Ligand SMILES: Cc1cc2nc3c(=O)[nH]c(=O)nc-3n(C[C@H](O)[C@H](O)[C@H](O)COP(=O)(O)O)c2cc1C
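In C-alpha cells, one chain follows: the form predicted on its own.
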C-alpha cells in the first residue's frame, strides 16, 4: 500500500451510523480485522481485553433498549463487536492472569518474570496509582482497548469496510445483560466500547478536521 493509499483510507473512514444490512463482510476479511486487534500493543504487553462478536440478532435485540448510540447500527451492521476490558481482580500484579501472561504467553524465565512483575507492581502502586480505586485500573485497561479499536477501524478502512465506534450505552444495564445473557463474568470484565462493521448505505459528508499546524507543536 502506497503512502497516498494509506491517507486515502483515513479519508474513507467515517462514523457510519447505518449500514447496508444486505451486505455482509466476508469471513476472511473480518478475520484480518480481528487479527489487527490481536496484534495491537498494550501496556506491559498484558492484553487487558476480550472481543465479543455479536452476530446473533436476538442478542443484539437485547442491547437495543440500553444502547442509545447504536439504534441504527445494531440492526444493520454486518458484524457488531463488544470490547471488554479487564477489571482489577485479574489485573493486579499478583493475579493468576498476570502470571499466565508472564510465563505462558511471554515465556519469561522465573528471574525475568518476577523482575517484570516487580516493575509492574511499582507502576500500579506508585507511578500511575492504579490501585487507589476500582475505576482507575478499569479506565487504564479501557484506554488500551481503544488502541485495539483504532487498529480495527483503520484496517477495516484499508479493506474498504465501514465502521462506527459506540459509546452511547447505559453502563450498569449493559453489564447486567453481559452477565445474564452473554455469560460474561462481570467481576473480571466490563464493557469498554462497542463497534459496528459493515458497508455504508449512503456516502458520508465531507470529512472535517483541524489543520495540522493547529494541533502539532515541534520542539526542536
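Keep in mind the model is a prediction, meaning the values are calculated, not measured. Residue numbers count along the first chain shown, from 1.
Same protein, other form: the form predicted together with this ligand, not shown, and the subject of what follows.
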The stretch from 183-191, 26-34, 159-167, 40-48 that lies within 4.5 Å of this ligand in the predicted complex, judged by heavy atoms, is 159-167
Flag residue 202 as yes or no: does it have a non-hydrogen atom within 4.5 angstroms of any non-hydrogen atom of this ligand in the predicted complex? no
| task | Could you confirm whether residue 97 comes within 4.5 Å of this ligand in the predicted complex, counting heavy atoms only? | result | no
**Prompt:** Hey, in the predicted complex, does residue 108 get a heavy atom within 4.5 angstroms of this ligand?
**Reply:** no
Spell out, yes or no, whether the shortest heavy atom distance between residue 146 and this ligand in the predicted complex is within 4.5 Å. yes
Of the residues spanning 7-36, the ones with some heavy atom within 4.5 Å of this ligand in the predicted complex are 13, 14, 15, 17
